[in-house]
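The same protein chain appears twice below, in two forms, each given on its own as structure tokens and labelled structure 1 and structure 2.
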Structure 1
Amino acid sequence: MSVATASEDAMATLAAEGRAVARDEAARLGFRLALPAQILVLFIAVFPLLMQLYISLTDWSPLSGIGWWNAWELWNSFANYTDLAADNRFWSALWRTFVVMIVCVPAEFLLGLGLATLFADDFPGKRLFYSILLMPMMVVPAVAGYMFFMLFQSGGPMNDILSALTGTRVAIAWLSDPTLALAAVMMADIWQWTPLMFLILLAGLVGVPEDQMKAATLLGANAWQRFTTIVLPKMKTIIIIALAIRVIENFKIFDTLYIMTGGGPGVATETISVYIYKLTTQDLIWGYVAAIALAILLVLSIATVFAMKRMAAAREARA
């Protein structure tokens, strides 16, 4: 008996050792698998950020004639950051970026939600219509920008359609009018990204349980009541995700806009990305650009952490 327990003990020890080896193997492999991604993150995020911080405290530019590591010779303490606070063009670009966002994201959301509700049940032609409606979001944004550039020429199809509808000769120079250029840029954004809202919201709508809807109908709820009491609460998370994606992406708006107007006329459609781009490639004041970029990154990071905390809190409250 004692021999049997001894051998059982030995077996148990062996098994434990085997598990430890397996754990070790797993940990080692896991580390190696994560390594390429870690290196890439370090290479593009951590190191460049430190470099950006360093340059942002100097007057360095590619025309300074010294390497970036010698930028301390042009040290200007926090002058770039104090300049930023007084830079009207920066603040108006930021404001314009928010205006575009405040118009485009809700418009895309409402149009996408409306279309999604029409696609919730089956009807002839559904699959074909669905595929066609998704096309704009797959078009290369720069090409979409060029499409809308053509549409909004004063001798272009947009005015032609308006002429046909109103019966008078319309010849609006869309892209050379400050207000209309901004409107045109927004229309292009809405055209391209409503399909994304439609796609995501439809995926959410399909997940709403049919039996609950039927029960509510039997209880006498009308379509609007069913929508507000069953569909909307069920879709809350999905709606938040869809809105968050568009807010993030819309804040970066560049490609379509830059191709359509180049930020003009004047600075009428200059958003934050366009402003930074011009400073980078035309004014070449990279120290200042680094300061702007870091300020934006800082604000966005705080916003992300805050949003993630809120989401975690919401998840806990539900559990």
Structure 2
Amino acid sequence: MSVATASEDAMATLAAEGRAVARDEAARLGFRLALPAQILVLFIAVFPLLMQLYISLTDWSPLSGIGWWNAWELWNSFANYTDLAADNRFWSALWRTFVVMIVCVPAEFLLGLGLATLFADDFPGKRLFYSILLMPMMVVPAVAGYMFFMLFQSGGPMNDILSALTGTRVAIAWLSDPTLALAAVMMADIWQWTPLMFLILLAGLVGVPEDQMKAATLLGANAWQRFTTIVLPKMKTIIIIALAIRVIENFKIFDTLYIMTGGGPGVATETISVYIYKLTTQDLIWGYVAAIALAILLVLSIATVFAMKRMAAAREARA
């Protein structure tokens, strides 16, 4: 090996080592610059969770006469969680929440998917209808609740429409009947959040490869076969995301429901969010509320993990 070649190799080695050192230094600098933000985010996320866990193990409330940092003086171990397991009102509220979710989410999905299928093709006035269709989603939930509160009054437009259709005077007390009040709440939720489901599903629908659809058509596949063998498999991840978003949000339904019924009549429309609100603002038993909130967080976390696993499985199957 010549002296020139050895010198070039040494210079190349030194250059590589210099680049490695520069990369390491850049990585360390990036870490140091991002560290304050990471600590802040960790504090924002972890501190409230730890504080809530701490309060859930006590009988502390704002009326206790001591600060929350001294809540250990009212320590009760896991009494709040055992009370939660025996709380019939809690389980009833949780069941009503599941009923609303089981009815509203599939209805919103089917309506949204049907509308997305219609809007996947061009037609006259598409932009106008598109804007009109998205309007309910833009309404503040409390305003939507007030709108449907007025709509379902005994002398409101809903009964007037039914009177015109039947030819007889209809004066149904929608919001005073336990079953009908919950149905009215679900109709309000479906009206407001079907556009969100439609928007997400439409985004997935327009992403389906057009060449595969044309090839399936040339091979003799009908619309239903194309939909089940091409469209649905390609949209599986989008569908799981849309369902997960609406399941979690529907589980937390509050604004519209509280404006319409306040959880009544009695507790007939009291969902878990309304129950927690009443315990927090009326009964002021914050230790018990913290235990309920942690239990709900656990349930929603499990649902999220399940959805993420299904998304990963769908992605692997598609790959």
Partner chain sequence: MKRSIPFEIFRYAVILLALAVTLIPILWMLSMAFKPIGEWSATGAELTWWPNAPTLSNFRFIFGESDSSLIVALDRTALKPILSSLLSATLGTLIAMTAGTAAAYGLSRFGSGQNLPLALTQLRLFPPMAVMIPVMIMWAFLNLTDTWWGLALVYGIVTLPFAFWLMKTFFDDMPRELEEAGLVEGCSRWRVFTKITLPMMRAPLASAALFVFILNWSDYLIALLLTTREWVTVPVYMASLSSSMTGQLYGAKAALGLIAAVPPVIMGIAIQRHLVRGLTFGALKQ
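Here, a residue number simply tells you its place in the sequence of structure 1, counted from 1. Basically, rigid core = biggest C-alpha set you can superpose within 1.5 Å across the two forms. Values in this document were obtained by computation on a predicted structure and should not be read as measured data.
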| property | result |
| --- | --- |
| Structure, 1 versus 2, that is the form predicted together with its partner chain | 1 |
| Core fit, then K252 C-alpha moves 2 Å or more between structure 1 and structure 2 | no |
| Rigid core fit then L40 CA moved by 2 Å or more between structure 1 and structure 2 | yes |
| Core fit, then L63 C-alpha moves 2 Å or more between structure 1 and structure 2 | no |
| Core-fitted comparison between structure 1 and structure 2 - CA shift at G30, Å | 4.3 |
| Once the two forms are fitted on their core, CA shift of L298 between structure 1 and structure 2 in Å | 2.6 |
